[in-house]
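Here we start with a single chain on its own, the form predicted on its own, put down as structure tokens.
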């Protein structure tokens, strides 16, 4: 028996049904999945902006002032508003997906999904409150 594949002149073609590029719009579950994946781009956008801000902080007060002035431009404010909505969708959809991605058991029984989702929202609230307190205290 040889290891090489043999070519046959009239090899049958397999039937493959054409699938539209927009297949994911046919079901809300698929649409949510694709949107959650696409919103990762906006999460990366915020990460890059944060790294850029840290770089401006390292470069000194003048560079940071220039960075903040650049963030106040109207087009960038609009982009940040849209990006915020997408990141919010990304976070909320991930919190609701977490019980399926991370099954927790307590004393041999599975923890209910609503407990895991609730703990995620609680942690988000605590982290947001702590950050707001640190930024607004003076």
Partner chain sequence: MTGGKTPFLWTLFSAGGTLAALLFPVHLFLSGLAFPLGWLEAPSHDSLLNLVQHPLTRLYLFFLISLPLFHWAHRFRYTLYDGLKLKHLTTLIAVLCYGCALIGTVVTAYTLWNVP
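Residue numbers count along the first chain shown, from 1. It should be emphasised that the depicted structure is a prediction, and the values quoted were computed from it without experimental measurement.
Note that the form predicted in complex with the partner chain isn't included here; everything after this is about it.
At a distance threshold of 4.5 angstroms between non-hydrogen atoms, residue 114 is out of contact with the partner chain in the predicted bound form. The partner chain in the predicted bound form comes within 4.5 Å of a heavy atom belonging to residue 81.
In the predicted bound form, the partner chain sits within 4.5 Å of a heavy atom of residue 60. Contact check for residue 66: every heavy atom lies farther than 4.5 Å from the partner chain in the predicted bound form. Scanning 35-62 for heavy atoms within 4.5 Å of the partner chain in the predicted bound form gives 36, 37, 38, 39, 40, 41, 43, 44, 46, 47, 48, 50, 51, 53, 54, 55, 57, 58, 60, 61 in sequence order.
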